[in-house]
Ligand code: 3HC
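Taking the form predicted alone, here's one chain by itself in structure tokens.
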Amino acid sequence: MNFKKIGIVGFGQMGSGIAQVTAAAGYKVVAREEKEELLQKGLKGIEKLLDKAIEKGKATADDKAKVLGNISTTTKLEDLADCDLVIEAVTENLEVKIPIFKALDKACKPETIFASNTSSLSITDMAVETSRRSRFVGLHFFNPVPVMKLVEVVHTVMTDDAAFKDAIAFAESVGKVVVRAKDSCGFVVNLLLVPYLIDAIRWYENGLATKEEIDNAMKLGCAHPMGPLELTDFIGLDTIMYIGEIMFEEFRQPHYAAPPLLKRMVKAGYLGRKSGRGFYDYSKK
């Protein structure tokens, strides 16, 4: 691996987190968003996290200067032309992702490796829309990126061994622990996690126990840091429902299907922490 410049498309919570750990590892980062205000918002988010790390003694002012100094921003995909690796971290929707990769395919040098940060969509579906199918991988970081140690590195049946090894080496170089996975819907974590969360919602809906009892059972009985309903609130009910729908479409197994309660809560706008209410009320916290 001889990566020097990394492109990141999408500078929201995930993209800015990936940019932060990549810049901290010494890479030059070019972050792209559609609007300048979104780029500024992402930079402010990184700066805020670095300031907190300095307050806690986990970083220095020099560390902050290094990270911010290694990040440049742009609204043009063409400015990622000379990047060695481009990581896409936009909305979890193939209709949004595929046009971006088509444009990048025309703009970037032939040896550039493309990666998607998707948590559930098919890497193959994106790769076949480009001329570099063998140099296309999944790099699934976890939120919050600066804290979570795991990256799922995903290969398709078309991925070249050298490109896959380079993607693994990159993830390890930014301080992450790698899990290698085939291009299967949900990869490893979501393939196991989402049915667990959906089952917890289904049994809560069926009156098995209260939400507090279900969460306490898994926290105290299985040493989980968060119960399944708490975790669903943290991730977002809409996100869990969306991933479940993708998995149901892929596998056609009923335990991936969203329970009626989950659908109703999402429709009502009860999305969890981000909306102030999910299975629990966060409006006063």
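From 1 onward, residues are counted along the sequence shown. The shown structure was predicted, so the numbers you read here are calculated from the model rather than taken from an experiment.
One more form of this protein should be noted, the form predicted together with 3-hydroxybutanoyl-coenzyme A (3HC), which is absent from this view; the next part is about it.
The candidate spot formed by Thr112, Arg132 and Ser134 is out of contact with 3-hydroxybutanoyl-coenzyme A (3HC) in the model of the complex: none of the three has a heavy atom within 4.5 Å.
With the partner omitted here, the residue from Arg252, Lys56, Lys35, Lys44 that has a non-hydrogen atom within 4.5 angstroms of 3-hydroxybutanoyl-coenzyme A (3HC) in the model of the complex is Lys56.
In summary, among the residues Met226, Ala217, Ala257, Leu68, the only one with a non-hydrogen atom within 4.5 Å of 3-hydroxybutanoyl-coenzyme A (3HC) in the model of the complex is Met226. In the model of the complex, 3-hydroxybutanoyl-coenzyme A (3HC) sits within 4.5 Å of a heavy atom belonging to Leu49.
Remark: Leu39 does not count among the residues lining 3-hydroxybutanoyl-coenzyme A (3HC) in the model of the complex, judged by a heavy atom distance of 4.5 Å or less. 3-hydroxybutanoyl-coenzyme A (3HC) in the model of the complex comes within 4.5 Å of a heavy atom belonging to Leu193. Taking the partner from elsewhere, Phe234 is found to have a heavy atom lying within 4.5 Å of 3-hydroxybutanoyl-coenzyme A (3HC) in the model of the complex.
Looking at 79-87, 171-179, 142-150, 199-207, the stretch with residues near 3-hydroxybutanoyl-coenzyme A (3HC) in the model of the complex, meaning non-hydrogen atoms within 4.5 angstroms, turns out to be 142-150. For the stretch 243-274, the set of residues having any non-hydrogen atom within 4.5 angstroms of 3-hydroxybutanoyl-coenzyme A (3HC) in the model of the complex comprises only Ile243.
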